[in-house]
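So this first bit is one chain, no partners, the form predicted alone, shown in structure tokens.
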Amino acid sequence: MSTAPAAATPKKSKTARAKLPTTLIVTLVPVCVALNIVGGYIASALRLPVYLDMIGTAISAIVLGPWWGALVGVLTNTGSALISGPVSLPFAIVNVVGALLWGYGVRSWGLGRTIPKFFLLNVIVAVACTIVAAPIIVLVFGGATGNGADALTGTFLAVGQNLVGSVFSSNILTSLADKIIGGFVALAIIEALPKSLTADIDIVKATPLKGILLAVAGIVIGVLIVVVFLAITAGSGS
């Protein structure tokens, strides 16, 4: 008498393996939103030529998943609008784009496995965010939103660029600095989380000290981008 072959055990999907504890979501989402809002407020108050409002977006997108990061982005801009006025609302889409790229970049495309790949991912996020943000700045706000990047836009205008070119040029520079800083600070924070929460994430592993050094390196690179190009454009205008 023949016996029926045993049914093959279905493979667990990546989504099933990465089932997120509800407590992690409930805890991390508001913390990341608060981190974004505080970072953005500090950058705005000090008129820094960066934004610092997507560090929490990167953390949540990588740890929880891209669409959770997108939710953090939307909540960030909504919360910022309630605190500081509606200027940040149109830029919610920028935060969503960053979340999707960081999340899918690390979790699906393998761009978090090494430091060079993660650096490249931050550059991709910066370029994509600029492509989305620059038209909003020009069409909705006439080229200036009241943050530190406006001074850089003015520098490009002073050397003869038109408004669209000036906004795009200033935004790509500040966005590169911002996303490199934000990405590596997020990486350091992720590395400081309990390993049980990050074991399934395909991202470069580092000791706490190395994580801090990576964050510092990201900050230094970001600052240098702004300083070097400010010096170049200032020299062109003299």
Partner chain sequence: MTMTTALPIAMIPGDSVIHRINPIAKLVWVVGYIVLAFSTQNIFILASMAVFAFLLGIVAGVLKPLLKAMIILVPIGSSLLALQIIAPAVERPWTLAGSIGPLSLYGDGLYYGFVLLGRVVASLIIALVMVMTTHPSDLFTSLAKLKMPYTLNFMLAMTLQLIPVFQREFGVIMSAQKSRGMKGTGFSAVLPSFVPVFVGAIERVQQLSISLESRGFGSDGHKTSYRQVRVRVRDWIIGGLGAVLIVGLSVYSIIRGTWSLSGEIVFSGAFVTTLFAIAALTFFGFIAFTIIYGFTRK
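None of these values were measured; they are calculated from a predicted model. Positions refer to the first chain, counted from 1. Basically, rigid core = biggest C-alpha set you can superpose within 1.5 Å across the two forms.
Although not depicted, the form predicted in complex with the partner chain is the subject of the following passage.
Peer 1: Going by a heavy atom distance of 4.5 Å, is residue 92 a contact of the partner chain in the model of the complex?
Peer 2: Output for residue 92 is no: heavy atoms all beyond 4.5 Å of the partner chain.
Peer 1: Using heavy atoms and a 4.5 Å limit, would one call residue 145 a contact residue for the partner chain in the model of the complex?
Peer 2: Flag for residue 145 set to yes.
Peer 1: Given that the partner chain is not shown alongside this chain, does residue 217 nevertheless sit within 4.5 Å of it in the model of the complex, heavy atom to heavy atom?
Peer 2: Close contact is absent here: in the model of the complex, residue 217 is far from the partner chain, nothing within 4.5 Å, heavy atoms only.
Peer 1: Even though the partner isn't displayed, in the model of the complex is residue 24 close enough to the partner chain, meaning a heavy atom within 4.5 Å?
Peer 2: Yes, residue 24 is a contact residue.
Peer 1: Quick one: of 111, 71, 97, 134, which gets a non-hydrogen atom within 4.5 angstroms of the partner chain in the model of the complex?
Peer 2: Going through each option in turn, the one that passes is 71.
Peer 1: Each of 31, 52 and 163 having a non-hydrogen atom within 4.5 Å of the partner chain in the model of the complex: is that the case here?
Peer 2: Checked in the model of the complex: all three residues contact the partner chain.
Peer 1: Quick one: find which of 111-119, 98-106, 126-134, 79-87 has residues within 4.5 Å of the partner chain in the model of the complex by heavy atom distance.
Peer 2: Looking at the partner contacts, the answer comes out as 79-87.
Peer 1: Could you list the residues in 136-157 that come within 4.5 Å of the partner chain in the model of the complex, counting only heavy atoms and keeping sequence order?
Peer 2: Counting only heavy atoms within 4.5 Å of the partner chain in the model of the complex, the contacting residues of 136-157 are 138, 139, 140, 141, 142, 143, 144, 145, 146, 147, 148, 150, 151, 153, 154, 157.
Peer 1: Once the core is superposed between this form and the one not shown, does residue 62 show a C-alpha displacement of at least 2 Å?
Peer 2: Shift of 2 Å or more: no.
Peer 1: By the 2 angstroms cut-off, has the C-alpha of residue 34 moved between this form and the one not shown once the rigid core is superposed?
Peer 2: After core superposition, the C-alpha of residue 34 moves less than 2 Å between this form and the one not shown.
Peer 1: Would you say residue 186 moves between this form and the one not shown, meaning its CA shifts by 2 Å or more once the core is fitted?
Peer 2: Residue 186 C-alpha, core-superposed: shift of less than 2 Å.
Peer 1: Pin down for me whether the residue 152-residue 80 Cα distance shrinks or grows in the model of the complex relative to this form (closer or farther, change of 3 Å or more).
Peer 2: Those two alpha carbons end up farther apart in the model of the complex.
Peer 1: Since the C-alpha distance between residue 47 and residue 94 changes by 3 Å or more in the model of the complex, give its direction relative to the shown form: closer or farther.
Peer 2: Distance between the C-alphas of residue 47 and residue 94: longer in the model of the complex, by 3 Å or more.
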